[in-house]
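Read the single chain below, which is given as structure tokens and is the form predicted on its own.
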Amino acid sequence: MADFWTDADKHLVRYAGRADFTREIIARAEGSYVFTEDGRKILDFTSGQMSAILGHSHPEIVATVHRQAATLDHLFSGMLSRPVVDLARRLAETLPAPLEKVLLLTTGAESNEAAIRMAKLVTGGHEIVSFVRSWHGMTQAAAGATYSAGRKGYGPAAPGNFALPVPGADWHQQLDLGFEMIDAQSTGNLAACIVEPILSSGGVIEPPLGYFAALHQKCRERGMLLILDEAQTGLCRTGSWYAFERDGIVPDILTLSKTLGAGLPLAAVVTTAEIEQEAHDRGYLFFTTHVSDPLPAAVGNTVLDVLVRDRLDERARQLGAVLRQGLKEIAASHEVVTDVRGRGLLAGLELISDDLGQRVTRRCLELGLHMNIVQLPGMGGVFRIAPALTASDEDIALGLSILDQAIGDAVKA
């Protein structure tokens, strides 16, 4: 084990800001748990990187990977296979009209990059609006629209990026004022607004009902497209197939990633036939080495199979209610917990201080629970809780019990 960490410290680039790697060597994972080389069993309350909605090593995903890798895994970007076309059609069938055109890619940042590029070409503008606590990725345009982290020390972002305040109780006035300031700075080239239906890295903040309809109207008044980034909220995690369904709107462009591949690299851009035609007529160019690859597309089809068959949207609502009730009981027992929020199986529990959040995180890991703490200026610390949709009632109960004990231990310490 000492050699492992010596090699890791010597040869790996540290890519998570000032956060260190978790000092555990993970040997395997199954269901809601990861297992270390020294035999520890750790409950995964983040489902990997908020992605493994079917749990780790789901047997049907494993079978699909084996079968597809043995027959057709990768193709030239101009070639098509049945898994790709099937997944595009089936995704469109889960969405309201007029969303029906699909581009299959690899990561969330990549899908947001492609969506922003499409919006710029179609509208003729280049200015992009996003939330002040947003996270859309670390590639150029996606990073330019990301405000929750990663802006200091890298020089200027692409010109024409503007931030909207995260909506609170007085969201009407905030939205009006936000666009007044954007209009004052804009050169008249507004292209799109890209936002998450629930700001995950921003602290699991859900804008009030009515906000997105009003935001969509602001975009239409300015000739902008509305892009919704459902990397973490899409495909049943919030208790419905897509989080935007709550708001009675349909975005101009939808991006999916994390949950679509259930832990494997798969992302999608979904838009209307009208927007796709305009982009094509103007020579839309966006492809990557792994665009429309058969292997991840086959996995995406299996993800849809399981979600539909096992009614995991209903399961997320049911299990989410159990999780939320448990978190509320924890909040009632500990004064250091200041808020519980979220929807379905994406929940946030806010603590009063950064330092306490770090201590609770460490104690949870010692007790066998992996947690993720979001720490932003002006906020204490928010645990971002996203168990697999396949988690059992016992998994949720165990996680709540460990979290409750860890907060108590950290406060005493």
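Keep in mind that what you see is a predicted model, and the values were worked out from it rather than measured. In this text, residue numbers run from 1 along the sequence as written.
Below, we refer to the form predicted together with a small molecule, which is not included among the displayed structures.
Chemist: Taking heavy atoms and a 4.5 Å cut-off, does K258 contact the small molecule in the predicted bound form?
Modeler: Within the cut-off, so yes.
Chemist: Taking the small molecule as it sits in the predicted bound form, is H136 in contact with it (heavy atom to heavy atom, 4.5 Å or less)?
Modeler: Heavy-atom contact with the small molecule at 4.5 Å: present for H136.
Chemist: When the contact criterion is heavy atoms within 4.5 Å, does G300 count as touching the small molecule in the predicted bound form?
Modeler: G300: no, not in contact with the small molecule in the predicted bound form.
Chemist: Please tell me whether any heavy atom belonging to S201 falls inside 4.5 Å of a heavy atom of the small molecule, as the geometry stands in the predicted bound form.
Modeler: Yes, S201 lies within 4.5 Å of the small molecule in the predicted bound form.
Chemist: Within 4.5 Å of the small molecule in the predicted bound form, do E206, T238 and G342 each have at least one heavy atom?
Modeler: Spot residues vs the small molecule: no contact at all.
Chemist: Just to confirm the contact call: exactly one of 96 to 104, 128 to 136, 216 to 224, 287 to 295 touches the small molecule in the predicted bound form at a 4.5 Å heavy atom cutoff, so which is it?
Modeler: It is 128 to 136 that comes within 4.5 Å of the partner.
Chemist: Using a 4.5 Å cut on heavy atoms, which of I330, V166, V336, A109 is close to the small molecule in the predicted bound form?
Modeler: Contact residue from the list: A109.
Chemist: Under a 4.5 angstroms heavy atom criterion, identify the one residue in A231, L323, L254, L87 near the small molecule in the predicted bound form.
Modeler: Contact with the small molecule in the predicted bound form is made by A231 alone.
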